[in-house]
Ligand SMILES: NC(=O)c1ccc[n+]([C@@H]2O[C@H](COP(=O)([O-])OP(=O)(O)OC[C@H]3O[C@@H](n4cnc5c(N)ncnc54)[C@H](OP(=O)(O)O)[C@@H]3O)[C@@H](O)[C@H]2O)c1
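Just one chain is shown here, as structure tokens, and it is the form predicted on its own.
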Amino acid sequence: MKHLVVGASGQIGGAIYKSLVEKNQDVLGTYYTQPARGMRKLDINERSRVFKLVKEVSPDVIYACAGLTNVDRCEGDAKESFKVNVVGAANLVEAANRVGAKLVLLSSDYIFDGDRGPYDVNDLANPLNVYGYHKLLMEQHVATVCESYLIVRTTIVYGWEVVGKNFIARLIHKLSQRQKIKVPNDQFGTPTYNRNLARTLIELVGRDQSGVFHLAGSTSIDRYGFAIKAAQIFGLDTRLIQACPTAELKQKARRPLKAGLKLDKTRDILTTKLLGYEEGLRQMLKDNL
């Protein structure tokens, strides 16, 4: 199979790209702002360039990992979020249809309202913020328009990445600098180690699965508890971490509080184990960037 990872310089795309390379797969990655050797630059909002590259590569699978993932930025600039997360992703859908490729869309538990998580694949979506709403729009578009697709929802993805933007990477950096950090103790989810996510996703693709799947960590915890466990595993000072309610952070976008994803459907198919947050953190400690 020939794979095209769009957004391979980001966290999830990078983990997928690296896993495919390790498996000696035929893969091409693209980047937008973070140049990487062997990758091609691509702006998913430049339709003609998207179509040209996809036609040139003629992949069997396109992983749509590029997007605007800063939830508060999306809330403050809904127009930009729609342009990137909906219109740009829709360009990839059309490109995939043109060459007969399977489109793999990365989605989020932010399509749910967080009243009664963790959520099953068939639970009713009700996003609280712009980012979640736009993810839901793309899910609906893919399911309606795409000839061959796989929608994968995930949540609280962490691990090593080049830019170090994810929750745990930022936590490690700040604690290493002896900086204090406030972490909400009322946001629950199922944290997902990025390399475990990549391997399980590649297995789903290899098994020619389609439809909607949840790929996430197998255990649930609040953000504060997760931060404390990460600090303990990485040998950092837990006293620098202060628990607080989400409301105290005054974030622009509302967060689903009781979120996370159920994995029943996925477990019935996968042989790769989905790691709990403690297992994932310990694996991260062992892994290199």
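All residue numbers refer to positions in the sequence shown, first residue = 1. These numbers come from a predicted model, not from an experiment.
Beyond the structure shown, there is the form predicted together with the named molecule, which is absent from this document and is the topic of what follows.
- Contact with the named molecule in the model of the complex holds for all three of G7, L42 and S108, each having a heavy atom within 4.5 Å.
- For the options D113, D186, E161, E139, the one in contact with the named molecule in the model of the complex, meaning a heavy atom within 4.5 Å, is E161.
- The partner is absent here; in the model of the complex, the one residue of F213, Y149, Y119, Y131 having a heavy atom within 4.5 Å of the named molecule is Y131.
- Heavy atoms within 4.5 Å of the named molecule in the model of the complex map, among the stretches 31-39, 51-59, 228-236, 246-254, onto 31-39 alone.
- When the named molecule is considered in the model of the complex, R98 lies well away from it, no heavy atom lying within 4.5 Å.
- Under a 4.5 angstroms non-hydrogen atom cutoff, the named molecule in the model of the complex has K165 among its neighbouring residues.
- Heavy atoms of V157 reach within 4.5 Å of the named molecule in the model of the complex, making it an interface residue.
- Not displayed here, the named molecule is kept clear of A169 by more than 4.5 Å at the level of heavy atoms in the model of the complex.
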